[in-house]
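Take a look at this one chain, the form predicted alone, written out in structure tokens.
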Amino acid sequence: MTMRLPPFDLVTPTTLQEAAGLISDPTASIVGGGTDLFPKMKRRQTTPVTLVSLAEIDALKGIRIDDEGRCVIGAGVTLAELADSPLVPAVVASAADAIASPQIRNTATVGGNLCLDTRCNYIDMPELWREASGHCLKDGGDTCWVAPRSDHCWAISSTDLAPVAIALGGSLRLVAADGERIIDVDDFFQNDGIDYHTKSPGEIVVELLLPAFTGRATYLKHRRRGSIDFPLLGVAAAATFDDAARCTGIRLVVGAVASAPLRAIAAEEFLIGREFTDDVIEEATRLASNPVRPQDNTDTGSRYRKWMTPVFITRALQEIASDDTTNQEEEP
């Protein structure tokens, strides 16, 4: 069945202020690269009257190091540009290079991946399929078909950049018609498949800010194929160590298993002050993986993704323990 885009008006502002004023209209949607939005429009998951393109706004472009030593990445930077940049941390470039395919990375943007809509097998289907099966909570219905007794939407967060940005202690600059704010990436997301981030409809993500980092970091992505596919599981870890190889700080983040990236706070607290021995990694893995509860609403079953969670957490911790942080993707 051929799916075509619904009719819409396209406007192309050249300043953030102009764009912020245009998206105050509730019938308008932002479009960057469109690699997530356009398929959803074809499936009639969203039908905006007006698309506000961010392609011509210079304030969203470029990568630089600011006076505080932070890596400042424009939200309009493409994933291909991010992967090729010598200015960004290696783990960020590697994570960007593992997203989708070369064609999509040439179009998709940093802001788009960070704001990637949550996914679910029950909504990412053509309109006729959804009408026949019954609309879910995220699609305007009154039932979550993943957990019918629940009033919560369990759609999955599939962004690859967010777990890495959280692990590195990143923040986002957002601009609206009435001002701007900076928010930690960790606080930008919330574990709800419908309201999956705290950005208001009138705000635009302008920049990702990553503080200077001299520790060890890795991102391991698990997916069915070596390209194109969304993650079945993503594990990001960033840590610093003292001269005795004891951990002085760590952030451990599990992605693609819930509606938001999940910080493994208990495991982080356990690891502080410890050397990453096999026994320590085993206990940290248990603390990090036990709370993970994948659902049966994406590629492969929830039980398989639950089984693989401790495997990838262990591999990530072993990599930063040995400083072998060059291989950022794992095959199934």
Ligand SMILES: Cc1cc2nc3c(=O)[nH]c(=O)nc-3n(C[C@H](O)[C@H](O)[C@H](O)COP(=O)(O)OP(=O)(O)OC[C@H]3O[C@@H](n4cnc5c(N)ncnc54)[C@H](O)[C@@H]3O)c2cc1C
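One rule holds for the numbers: they count along the sequence shown, beginning at 1. Remember, it's a predicted structure, so these values are computed and weren't measured experimentally.
Absent from the display: the form predicted in complex with the ligand. The rest refers to it.
Trainee: Do P261 and the ligand come within 4.5 Å of each other in the predicted complex, heavy atoms counted?
Mentor: Flag for P261 set to no.
Trainee: Within a 4.5 Å heavy atom cut-off, is T218 in contact with the ligand in the predicted complex?
Mentor: Answer no; every heavy atom of T218 is more than 4.5 Å from the ligand in the predicted complex.
Trainee: L54: heavy atom within 4.5 Å of the ligand in the predicted complex?
Mentor: Yes.
Trainee: Is A236 near the ligand? Define near as a heavy atom within 4.5 Å, in the predicted complex.
Mentor: A236: no contact with the ligand in the predicted complex.
Trainee: Report the stretch among 85-93, 144-152, 203-211, 179-187 that approaches the ligand in the predicted complex to within 4.5 Å, counting heavy atoms only.
Mentor: Result of the contact check: 203-211.
Trainee: Could you tell me which one of V254, I250, I166, A75 places a heavy atom within 4.5 Å of the ligand in the predicted complex?
Mentor: For this set of options, the contacting one is A75.
Trainee: To verify the annotation, which of these, L137, A80, C71, A100, has a non-hydrogen atom within 4.5 Å of the ligand in the predicted complex?
Mentor: Residue within 4.5 Å of the partner: A100.
Trainee: Which residues from 211-231 come close to the ligand in the predicted complex, meaning a heavy atom within 4.5 Å?
Mentor: Sequence-ordered list: K221, R223, I228, D229, F230, P231.
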